[in-house]
Every structure is written in structure tokens, then in C-alpha cells.
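Below you'll find only one chain, the form predicted alone, shown as C-alpha cells.
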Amino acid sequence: MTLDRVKRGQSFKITSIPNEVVRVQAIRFGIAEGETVSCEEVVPAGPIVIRKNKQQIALGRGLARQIGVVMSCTEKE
């Protein structure tokens, strides 16, 4: 599953960032493989806003589409 398919309130773990350029972009946002983050908002046809600790990060769909994730057991209600 890729990051662009997550839904608001879901927590997930980043499992893969296969493209080196995308990995560098993600690291600039403070995101790396193995991190657990949550989805704050999914803007229709727009960015996906995720939360890592107290930081909110808006990722474009193209970037999100290239980041592999797996759902976490904890979901925000």
C-alpha cells in the first residue's frame, strides 16, 4: 500500500521509499523508513497532511504515491 491511499485518522508505518530522489525529499521533511506517523487530512485532489510527533507535513500526491506504508494497529478516532 502507498501513502496516497491512507485515510484520515489512520496511523501507519513507513516501510519503503524506493526512489532515491523521493527518499531525499522525504528526509528533508523529517520522514524516513521505519517511522510511524498518522494521517491528519486528505485534501481531495490535493496534498495528504500527516503528523509526526507535533509536526504536520503536507505531502503532494506524487510524492505520497511513491512511499510504501503498512497500517498500524492504533487509529485515531
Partner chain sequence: MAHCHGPVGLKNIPEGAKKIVLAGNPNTGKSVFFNYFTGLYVDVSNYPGTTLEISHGRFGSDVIIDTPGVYGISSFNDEERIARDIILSADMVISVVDAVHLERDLFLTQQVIDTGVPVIMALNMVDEAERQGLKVDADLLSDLLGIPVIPTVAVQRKGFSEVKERLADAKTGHMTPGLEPLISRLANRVGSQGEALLVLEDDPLVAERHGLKPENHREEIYLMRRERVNDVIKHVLKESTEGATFGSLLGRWMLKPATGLPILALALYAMYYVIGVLIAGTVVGFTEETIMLEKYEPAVRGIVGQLISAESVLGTILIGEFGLLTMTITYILGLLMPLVIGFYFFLSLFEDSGYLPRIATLVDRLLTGVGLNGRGVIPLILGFGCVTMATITTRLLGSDRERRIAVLLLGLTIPCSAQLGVIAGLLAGVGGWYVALYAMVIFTVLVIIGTIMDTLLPGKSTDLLIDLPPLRLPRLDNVLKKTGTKSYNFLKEAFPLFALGALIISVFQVTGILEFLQNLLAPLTVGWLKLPKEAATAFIMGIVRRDFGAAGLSNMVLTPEQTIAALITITLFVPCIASILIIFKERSKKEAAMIWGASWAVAFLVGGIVSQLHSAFGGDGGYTGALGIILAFFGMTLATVIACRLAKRDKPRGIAG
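Since this is a predicted model, take the numbers as computed values, not measurements. Numbering follows the first chain given and starts at 1.
Another form, the form predicted together with the partner chain, is not on view; read the next lines as being about it.
- Interface membership of R8, defined by any non-hydrogen atom within 4.5 Å of the partner chain in the predicted complex, is confirmed.
- In the predicted complex, the partner chain lies within 4.5 Å of some heavy atom of Q66.
- In the predicted complex, the partner chain sits beyond 4.5 Å of every heavy atom of S16.
- Looking at 16-46, the residues that come within 4.5 Å of the partner chain in the predicted complex, counting any heavy atom, are N19, E20, V21, V22, R23, V24, Q25, I27, R28, F29, G30, A32, E35, E40, E41, V43, P44, A45, G46.
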